[in-house]
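One chain comes next, on its own, written as structure tokens: the form predicted alone.
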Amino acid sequence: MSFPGNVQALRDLSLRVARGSALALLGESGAGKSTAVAAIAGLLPRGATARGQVLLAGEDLGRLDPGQWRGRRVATLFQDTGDALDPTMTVGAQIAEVCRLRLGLGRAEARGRALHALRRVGLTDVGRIASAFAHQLSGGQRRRALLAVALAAEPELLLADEPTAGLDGTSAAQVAEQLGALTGHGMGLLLVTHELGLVARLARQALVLYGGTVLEEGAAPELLLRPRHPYTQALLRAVPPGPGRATEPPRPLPGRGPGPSEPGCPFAARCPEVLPVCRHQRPPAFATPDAPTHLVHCWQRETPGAPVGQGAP
């Protein structure tokens, strides 16, 4: 499907990742999560543009040469390990190259740092893995090797797009443990995931996207336990229950997804609580009375005097 003119993939997205903590971006496929990561990393596809600022410790990254911060101060863990790892280079050579280019290390020192990076992400037999090509590793090994590449230059911020995608339970738990340890040592983490268990384990704050628009944001435990927006509630109902819990058939949302430039709330066409105003006017962020930092972009949650603008910075 194609649309005439420009399509706005994200609207008024404003977020903050604190040092030593994780912010989770939630939402179904196509919500705009990966686009947000690409925009922050300065890796949007050709022809796409972004307006606004990306500030790292108060410094506008848009005013710097990408070589000064990309991969060094801000690293990206891509969702597709097959495309992200160079098939013509060994894993160790790729990590060492990052160390040479970003940190100015010599070959021997870079090689040693590459082995340390592989150990740091929980891999064993690092000599063999460093000498292997991507296709010679399992999915879990590739995911952790890619994490080692991203972390080789000790970034201040890691943008992790579906870091446990395609992994078995043991490998996913190991990756989650490593990410938790890294935030515990002061690194900021922007976490894009469909795995709500990972959000509960790692994230301090969470933000829900739908149709490129923020619908709900707040402390992750509060958002997971007491979702206020109808879309967030539907999203959490779609998660299969854990072992020993009663099951019920999934309840798919009726209607269609939002168009590229429709007015009003993007969820209006599928919302069971839709109001007339929802179809022609986008809601501001309304603070929740019992949790003032929990913001809901929904006219049904309107409280006199409660709008706080278009989202928290």
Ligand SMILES: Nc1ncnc2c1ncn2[C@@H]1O[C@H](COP(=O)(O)OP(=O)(O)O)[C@@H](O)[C@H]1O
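Position 1 is the first residue in the sequence shown; the rest follow in order. None of these values were measured; they are calculated from a predicted model.
Same protein, other form: the form predicted in complex with the ligand, not shown, and the subject of what follows.
Site residues G127, S138 and R143 are none of them in contact with the ligand in the predicted bound form, judged by any heavy atom within 4.5 Å. The ligand in the predicted bound form comes within 4.5 Å of no heavy atom belonging to G42. Residue contact check for C271: none of its heavy atoms lie within 4.5 Å of the ligand in the predicted bound form. Remark: A285 does not count among the residues lining the ligand in the predicted bound form, judged by a heavy atom distance of 4.5 Å or less. Proximity of G32 to the ligand in the predicted bound form falls within the 4.5 Å heavy atom cutoff.
Of the candidate stretches 263 to 271, 277 to 285, 24 to 32, 59 to 67, only 24 to 32 has residues whose heavy atoms lie within 4.5 Å of the ligand in the predicted bound form. The partner is absent here, but in the predicted bound form a heavy atom of Q79, alone among T90, Q79, S171, T183, sits within 4.5 Å of the ligand.
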